[in-house]
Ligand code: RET
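Before any questions on how it binds or moves, here is one chain, the form predicted on its own, in structure tokens.
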């Protein structure tokens, strides 16, 4: 459905997308620079974090370009008269990054090979199902029942992911230190809080009568959710990797012994 936006509405989305690009780019550079501070056996999780923000950076550049190409400034308003805005970029991004996000958390804990493989396979299948079931509803008309039906179906794999993270994964934390347990708890609650933004944004076209306002709110909320769910999530994964490196007595090449692990590793990195 074509619609027009005020200059404020258009720029709100435009600047939100620009902010995400900057956030993903900064996170990509940061993860690359601090990778050697982590013991080699824990670097895979940091590599996955780097890959996640790299993939997201690429797709947000495409989303930004698609948003710009979809509108023209005519008589004081932005009119959707260009190429249709491609919502598929977001879903391709999520299709790739959400399984990787979940794999980060499992890999960094260094569980047994069998447990790690089992968790990653099940979480990946659930994540792919969640994204795949959400897309038909995303492109459905705002006033159609299809949007609600597909949204409910997409929620079922999400609930399974929460069950695995809070119940099954919780049973596997007995061998972890208290500091690592605190960071893992933080990660799980970040998933619960930030991923809760997505279904709200998903339903906005059905909840807000004004098409333009609904589209602007949806795009801004999706962008906010991605910043919280990717760079912030990656920082906490990095904090776990640092904590486990310290517990292992890892010494950074050319540096000094990390010493005892603390629960504030991610915060210390930000301050540095």
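Just so we're clear, the structure is a prediction, and the values are computed from it rather than from any experiment. Positions refer to the first chain, counted from 1.
One more form of this protein, predicted in complex with retinal (RET), exists but is not displayed; see below.
Participant: Partner absent here, but in the model of the complex, which of 40 to 48, 227 to 235, 26 to 34, 242 to 250 has residues with a heavy atom within 4.5 Å of retinal (RET)?
Facilitator: Heavy atoms within 4.5 Å of retinal (RET) in the model of the complex occur in 227 to 235.
Participant: With retinal (RET) left out of view, which of 85, 158, 89, 78 would have a heavy atom within 4.5 Å of it in the model of the complex?
Facilitator: Only one listed residue qualifies here, and that residue is 158.
Participant: Tell me whether 106, 166 and 189, taken together, all sit within 4.5 Å of retinal (RET) in the model of the complex, counting heavy atoms only.
Facilitator: No: none of 106, 166 and 189 comes within 4.5 Å of retinal (RET) in the model of the complex.
Participant: May I ask you to state whether residue 130 is within 4.5 Å of retinal (RET) in the model of the complex, using heavy atom distances?
Facilitator: Close contact exists here: in the model of the complex, residue 130 approaches retinal (RET) to within 4.5 Å, heavy atoms only.
Participant: Just to confirm, residue 195 within 4.5 Å of retinal (RET) in the model of the complex by heavy atoms?
Facilitator: Residue 195: contacts retinal (RET) in the model of the complex.
Participant: Please determine whether residue 71 contacts retinal (RET) in the model of the complex, using a 4.5 Å cut-off between heavy atoms.
Facilitator: Residue-level check for residue 71: no, no contact with retinal (RET).
Participant: Since only the chain is shown here, I'm wondering whether residue 179 would be in contact with retinal (RET) in the model of the complex (any heavy atom pair within 4.5 Å).
Facilitator: Residue 179: no contact with retinal (RET) in the model of the complex.
Participant: Could you list which residues of 132 to 156 come within 4.5 Å of retinal (RET) in the model of the complex, counting heavy atoms only?
Facilitator: Contacts from 132 to 156: 134, 151, 154, 155.
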